[in-house]
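Taking the form predicted on its own, here's one chain by itself in structure tokens.
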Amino acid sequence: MIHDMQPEFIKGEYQEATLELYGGIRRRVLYNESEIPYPDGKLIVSTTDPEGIITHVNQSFVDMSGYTEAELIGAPHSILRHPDMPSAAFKDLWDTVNRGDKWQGFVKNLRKDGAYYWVKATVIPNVRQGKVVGYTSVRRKPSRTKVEESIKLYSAMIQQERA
């Protein structure tokens, strides 16, 4: 289940956006300009079912997202979707993993408190007896150079999406 974000959880001044998520879901998000640095030496790991519903998270995921494990389990992975991420990036992710291939990319994630953090994400289909039964996502600290490149690219992609 995914809910609109609530102002009482947001730190400081914030902006509001409504996102169109996979499956026709609309979500109101509240976000600010606070970046949380990705900690050195940590991996964020999660698994989802074939529809992208979270089935497992590690403690690093809980710590970085600001959500509790109970809030994450059963929620769509898009609970982390930041409005600065172009929809084309997620279309590419889904097209790639639905073919049974590994996807890698740089993602700006939205925390429960409205702040954000960048990750280098790898998503791998979990295949059993020839059928995709879910996905495993492993995120690590991205280089600052790749983050800066992604900011420029994603900004241009969002402008194209809105044109």
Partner chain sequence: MTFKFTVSPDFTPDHLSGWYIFNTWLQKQTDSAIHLEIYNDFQLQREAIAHDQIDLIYANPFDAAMLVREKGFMPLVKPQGESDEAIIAVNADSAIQCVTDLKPGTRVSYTDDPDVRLMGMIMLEPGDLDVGNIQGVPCDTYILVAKHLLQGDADVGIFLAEAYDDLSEMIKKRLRILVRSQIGVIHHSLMIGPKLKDKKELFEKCLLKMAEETKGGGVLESLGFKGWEKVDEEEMEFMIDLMDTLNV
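Numbering follows the first chain given and starts at 1. Keep in mind that what you see is a predicted model, and the values were worked out from it rather than measured.
From this point on, the text means the form predicted together with its partner chain, which you will not see here.
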Q | residue 130 within 4.5 Å of its partner chain in the predicted complex, heavy atoms | A | no
Q.
Is residue 11 near its partner chain? Define near as a heavy atom within 4.5 Å, in the predicted complex.
A. no
Q. Would residue 120 count as touching its partner chain in the predicted complex under a 4.5 Å heavy atom rule?
A. yes
Q. Taking the shortest heavy atom distance, is residue 42 within 4.5 Å of its partner chain in the predicted complex?
A. yes
Q) Where, among 28 to 36, 65 to 73, 133 to 141, 111 to 119, do residues come within 4.5 Å of its partner chain in the predicted complex by heavy atom distance? A) 133 to 141
Q) Across 88 to 107, which residues bring a heavy atom to within 4.5 Å of its partner chain in the predicted complex? A) 102, 104
